[in-house]
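Have a look below at one chain only, the form predicted alone, in structure tokens format.
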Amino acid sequence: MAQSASDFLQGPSQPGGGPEAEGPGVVARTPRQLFWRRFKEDRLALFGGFLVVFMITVALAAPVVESIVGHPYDEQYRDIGTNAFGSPNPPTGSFIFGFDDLGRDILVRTMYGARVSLTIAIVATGVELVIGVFLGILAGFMRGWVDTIVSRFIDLILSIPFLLLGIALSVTDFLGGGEKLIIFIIAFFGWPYIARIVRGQTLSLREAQFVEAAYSVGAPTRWIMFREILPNLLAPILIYGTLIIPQNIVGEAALSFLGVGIQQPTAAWGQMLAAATPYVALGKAWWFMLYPGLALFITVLGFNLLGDGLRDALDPKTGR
């Protein structure tokens, strides 16, 4: 029988003892123990997990740092933050990351930008997973006309230009703009990829013996889809969910860079990079682009390394 979610979390019981029962020269390990053994041996995955935890801590600590340094994220210090030509001044004193084009503290705004990016990416990923997993299981299990409708709808969504739709919706003030608009745009274009992966896995699982056994005892279709097949999809869903979070962070930054959704005075990395571009292009205010760009790079790198590590640790073919 295929591996279920309860097996992964608790591990199968061993005859004559618990999960640690020993045979001649062999120590039994639960799937969870095997996963953790593989994962902790992957130094890049552990490093990625550290980066993710670090950036989450930075995001949560933004209000604390703001109160300690005494620089509100939207406060403009034009008298000390910009020169006579209106260009940002470099790091100095308590402004260790320097100033932006409006004389605001880049350190505080970069930390608040982490809150915005992580919130949007995680929420959008959750929405994508819910929609994509539901429609993917439905299409793969039901097949026939249901699969045809879902598949053609996916093709329709993927044919729509991502950035053009975002710009058009921002002009119409759809959902009031801001974070809600960006979450909608990212989730709207993201769920089809998840649905395709889940559909393919479901097409394979529906032919498994445990599904036939569930049919033989009279289990309803809904029970089989969400109590038998879904638990066997948790590993690929977890892996793919971790890997699309950095994609959504980059997507949020791209939309903010174009002025879609996040507006002043709210801090967003893409917005900060857009404001810094004219100065950096002239060879000025390198700090204005460096710190939000570095924060974006660290966050995306951390989630990518963590996702790759989870994929390797959950893959039974790894053989370690």
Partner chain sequence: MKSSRLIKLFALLTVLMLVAAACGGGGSETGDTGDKRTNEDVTVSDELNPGGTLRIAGVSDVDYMDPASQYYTVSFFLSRGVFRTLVTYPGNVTDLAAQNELVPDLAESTGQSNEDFTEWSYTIKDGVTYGLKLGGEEVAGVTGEEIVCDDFVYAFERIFTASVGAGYPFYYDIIEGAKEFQAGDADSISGITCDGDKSITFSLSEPAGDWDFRMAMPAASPVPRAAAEKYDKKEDSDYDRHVVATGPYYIAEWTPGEQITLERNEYWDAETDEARLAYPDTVDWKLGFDNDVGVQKIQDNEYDLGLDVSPQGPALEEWVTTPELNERLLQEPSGCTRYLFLNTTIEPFDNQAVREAVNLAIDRENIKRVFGGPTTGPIATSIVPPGIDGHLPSEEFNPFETENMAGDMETAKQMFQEAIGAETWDEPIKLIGASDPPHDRIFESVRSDLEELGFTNIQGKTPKFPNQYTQFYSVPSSETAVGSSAGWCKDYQSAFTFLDPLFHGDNILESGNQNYAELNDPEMNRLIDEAAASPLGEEQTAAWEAANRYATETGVWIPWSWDNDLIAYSSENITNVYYFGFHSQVDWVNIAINSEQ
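Nothing here was measured: the structure is a model prediction, and the numbers come from that model. Residue numbers count along the first chain shown, from 1.
Beyond the structure shown, there is the form predicted in complex with its partner chain, which is absent from this document and is the topic of what follows.
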Indicate whether R143 is a 4.5 Å heavy atom neighbour of its partner chain in the model of the complex.
-> no
Are any of the heavy atoms in R104 no more than 4.5 Å from a heavy atom of its partner chain in the model of the complex?
-> yes
Is there a non-hydrogen atom of R32 within 4.5 angstroms of a non-hydrogen atom of its partner chain in the model of the complex?
-> no
Its partner chain contact at A84 in the model of the complex, heavy atom, 4.5 Å = yes
Select from the listed residues T119, Q76, T148, T92 the one whose heavy atoms reach within 4.5 Å of its partner chain in the model of the complex.
-> Q76
Within 4.5 Å of its partner chain in the model of the complex, heavy atoms considered, which of W286, F54, W36, F47?
-> W286
Judged by heavy atom distances of 4.5 Å or less, which residues of 141-166 approach its partner chain in the model of the complex?
-> none
